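First comes one chain, alone, set out as structure tokens in the form predicted alone.
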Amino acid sequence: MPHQNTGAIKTVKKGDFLMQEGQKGDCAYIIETGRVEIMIRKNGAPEIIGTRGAGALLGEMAMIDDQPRTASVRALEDCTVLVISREDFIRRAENADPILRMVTKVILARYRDMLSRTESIAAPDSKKTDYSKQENDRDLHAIAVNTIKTFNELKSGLENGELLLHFQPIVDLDGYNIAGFEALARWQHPEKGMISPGVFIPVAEESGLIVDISRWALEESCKAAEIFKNITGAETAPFISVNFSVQDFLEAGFFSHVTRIIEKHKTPPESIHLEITESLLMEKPHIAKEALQQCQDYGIEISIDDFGTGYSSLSYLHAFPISTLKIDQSFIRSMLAQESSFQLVKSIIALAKNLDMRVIAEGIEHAEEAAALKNLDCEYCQGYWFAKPQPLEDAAALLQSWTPPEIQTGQKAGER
């Protein structure tokens, strides 16, 4: 059977077979028009077990678990069907939650095993499929089990105070003073030590626990904002940038939850920046736009994180209430070595200026990068050259003793 692409329309004449029992299942079909009959071989003879019409999905089981077709499908009248290719399905499935993937494979394996015991689908002399191999897929099973364990431990950790925020300063390149901090979640596990956000944040997002973590992070950030204000004074108090995910915006009452926390701590709205990714704007544009507009009207500023690495559609820059673009560190790290990266950074800064937006460059590790960005009229920078993310107590001490770095000599902040 020739390779078929997702979205292709296939025509099947009356009396012709769309698929036949025992064939390799390289795709599934959705009936657009017409009707088909489904038949299996029972006791060596074909037996019709049902009919399907427009809207029905056919052939999905063989496509998912890479086993032969369990039934034949013949057109009762001229039909058109929409193709779903195995390659497209696998690509989407690989990005799915591992628990969902494991459960799906187990259900399919057990269903096929039931069919093999109750119906004579295969020829008597054919080898029986080893379904236990699918059900006991070690890699997938291990990933799923680890995901469940991580979720349970993370949920317990959030309740028991194991999560904490680290704050990385965002420096104003005009005078090299601290303009704000990005709040970054960390997990200090009592037995495993510090666990990387790259491990627990995806689990939190897949499980929905990210909503509770985001609210906790906003609450802690409001407390930190009060501490920073007492150090610097209300006129120069640094803002705090808090990360939010797609799941946060899908939660009912997102805006009311945000404002309730801010008002509870009497935090000035301008002291809090919402940091989101480009994917949020593309995946749920209508929900995101309404919530972001409410936040902006309330006085909260909106930052786009890792700009340039995602969809980077210019259309959303004027469609959404965005105040700041954060240039991804991958461009900053190569800007002095690669002309293309330098020009890209230069273009992003110019674009932001034309749209009356500010720019924060991430991942500054050398004085030369900070100097180059200042010459390009970039407003803010953050990175290890200024300071690493650090606990609240250390961030407060850094703010209190901050000495602007000397860019020309390469001397870091605090080095004297």
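Counting begins at 1, following the sequence as shown. Please read all numbers here as calculations on a predicted model, not as lab measurements.
The form predicted together with a small molecule is left out here; the points below concern that form.
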| query | finding |
| --- | --- |
| Touches the small molecule in the predicted bound form: Ile227 (any heavy atom, 4.5 Å) | no |
| is_contact(Ser245, the small molecule) in the predicted bound form, heavy atom dist at most 4.5 Å | yes |
| Heavy atom of Leu76 within 4.5 Å of the small molecule in the predicted bound form | no |
| Residue contact check: Ala185 to the small molecule in the predicted bound form, 4.5 Å heavy atom | yes |
| The small molecule: the contacting residue among Ser303, Ser271, Ser207, Gln168 in the predicted bound form [heavy atom, 4.5 Å] | Gln168 |
| In the predicted bound form, the one of Ala217, Ala237, Leu173, Met335 near the small molecule [non-hydrogen atom within 4.5 angstroms] | Ala217 |
| Candidate site Glu275, Gly363 and Gly383: all three near the small molecule in the predicted bound form by heavy atom within 4.5 Å | yes |
| Options 197-205, 294-302, 146-154, 336-344; stretch whose heavy atom lies within 4.5 Å of the small molecule in the predicted bound form | 197-205 |
